[in-house]
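Subsequent text provides structure tokens for two forms of one protein chain, presented individually as structure 1 and structure 2.
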Structure 1
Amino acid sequence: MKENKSRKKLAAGLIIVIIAVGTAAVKIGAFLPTIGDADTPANSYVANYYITNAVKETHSYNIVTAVLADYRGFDTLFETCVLFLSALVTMMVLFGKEKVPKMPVKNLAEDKYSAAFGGDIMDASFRIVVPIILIYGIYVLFHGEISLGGGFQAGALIACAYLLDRIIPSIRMGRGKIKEETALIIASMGAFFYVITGILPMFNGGNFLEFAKLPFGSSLAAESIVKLHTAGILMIEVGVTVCVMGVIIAILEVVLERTDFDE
């Protein structure tokens, strides 16, 4: 009887919460602009301002990079911190879990498939693919300001190269795996480097993330300011790359440590 009463109270409370949240969402939604409406403030003022002034004010020919790394530098910083926290939480949840025992091979076909996964074909293919991915990841990082790419994409590419090297033991291109604790430290160093990049202008009389005030030059000429903006954007892109790479590797390692693979 007590269990039934508890379940009824729980169900009643859940229904009340759903109704309250739904009502609040409807009321709040009535005041928000319609998604996709051309007359919304974002489409009428902000977007046009970015398109018109991004290159002149940020000296970045890639408007996406200009918005993420300059106009919305605070937002990108917190997104980087959220990624770091996601790796931290994943490690906290899975760190004490036991490794999944290896499942027995049911038939010969599965055994052949398992052997082929790390066989000569995969070995030869990934010996070529991994270096190309690493080179492309670095290219994407350093060209994010003027073309497609940036820190998030570069970090993911470098982490994917590590993933391929990690799951194909026959390659052995690296010196070994990176421990999840080490990967988390690497990710924190990327976020910390981002913060340091924002603090440096404050020592030169500027605001947080004001790249034109980076203490790397004394000239106030337009050419010098362009170089400072380029340096500032590149620095935070490096921080984002290192953080994203560390986060993906940390999550990968904490999962692989609890999964049985043929070493």
Structure 2
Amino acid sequence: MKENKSRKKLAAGLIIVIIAVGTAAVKIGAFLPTIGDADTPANSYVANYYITNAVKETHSYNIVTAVLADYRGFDTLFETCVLFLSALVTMMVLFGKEKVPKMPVKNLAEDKYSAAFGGDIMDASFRIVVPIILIYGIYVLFHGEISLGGGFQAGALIACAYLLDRIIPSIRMGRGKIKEETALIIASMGAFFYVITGILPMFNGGNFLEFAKLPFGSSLAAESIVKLHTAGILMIEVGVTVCVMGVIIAILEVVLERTDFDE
């Protein structure tokens, strides 16, 4: 009896909140720029600069990646640091505590009747899906500045591929298992690679993360300086991908270590 009373209270509160905020928001909405028109201050100042000369300056067709990796590259660096940090915190909080006793490795082949999550259908389809995801991830990584895509998506996709292999208990159980510490180290290497690409221009007289001043290819002609931007963005994308992949694998490894999938 007690709990559905509290649920009614919860529902009542919810309705009150919705009505109250709804009426308030109607008034607030009036001041905000109407959606869709192009001459609001938000769309007219810095944004137009990005659109008009993103391609010229950073040689990347996808303006969002240009803004993300080049104009505001510093933000993305600390974005990857946020991810790396969250993996670090997960490791610190969960590592080595309440380990689930490793269940004996059952060879699923003989155990016909186990309604295990794996089984042959899953195994067959799994063998096709994983390579496709991997290729797609790599594609997304290297086409970040031309079509959609970028470091985060690529890293996450590759981690998904690994995840599929890790979760579905197929016959070749636990073949490619990465220990969580190594995953964390991979992640830190990725982030460090990003920092290195930032530091390199500093030796060549540029500011931090200034791709025009990347030290290699000094012999390039003037107009190809812009190509350095592409190199810079690519290096960043690789760094981000490696870091994101390491982070996601590390988090999931730590967590999988603690759960048993035996039902």
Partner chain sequence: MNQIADHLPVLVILLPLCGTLLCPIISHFNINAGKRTVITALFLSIVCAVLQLIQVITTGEAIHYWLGGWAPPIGIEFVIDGLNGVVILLVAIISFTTALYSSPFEKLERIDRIHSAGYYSMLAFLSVGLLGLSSTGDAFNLYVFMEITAISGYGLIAVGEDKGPIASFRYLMTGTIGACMYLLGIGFLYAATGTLNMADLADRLTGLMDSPLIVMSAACLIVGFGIKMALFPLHGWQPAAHSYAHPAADPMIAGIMIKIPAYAMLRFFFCIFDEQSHVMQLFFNAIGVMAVIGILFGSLKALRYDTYNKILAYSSIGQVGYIAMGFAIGNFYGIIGAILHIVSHAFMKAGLFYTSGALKYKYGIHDINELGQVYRKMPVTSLTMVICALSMIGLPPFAGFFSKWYLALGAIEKGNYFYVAVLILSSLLGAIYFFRIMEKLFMGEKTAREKELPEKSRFELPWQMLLPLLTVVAAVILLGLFNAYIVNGVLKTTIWEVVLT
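Just so we're on the same page, residue numbers count up from 1 along structure 1's sequence. Here the rigid core means the biggest group of C-alpha atoms that line up within 1.5 Å when the two forms are laid on top of each other. Just so you know, these numbers come straight off a predicted model, no measurement behind them.
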Pick the form predicted together with the partner chain out of these two and give me its number.
2
Superpose the two forms on their rigid core, then report whether the C-alpha of I28 is displaced by 2 angstroms or more between the two structures.
yes
Shift of the Cα of I19 between the two structures with the rigid core overlaid, in Å, rounds to 21.6
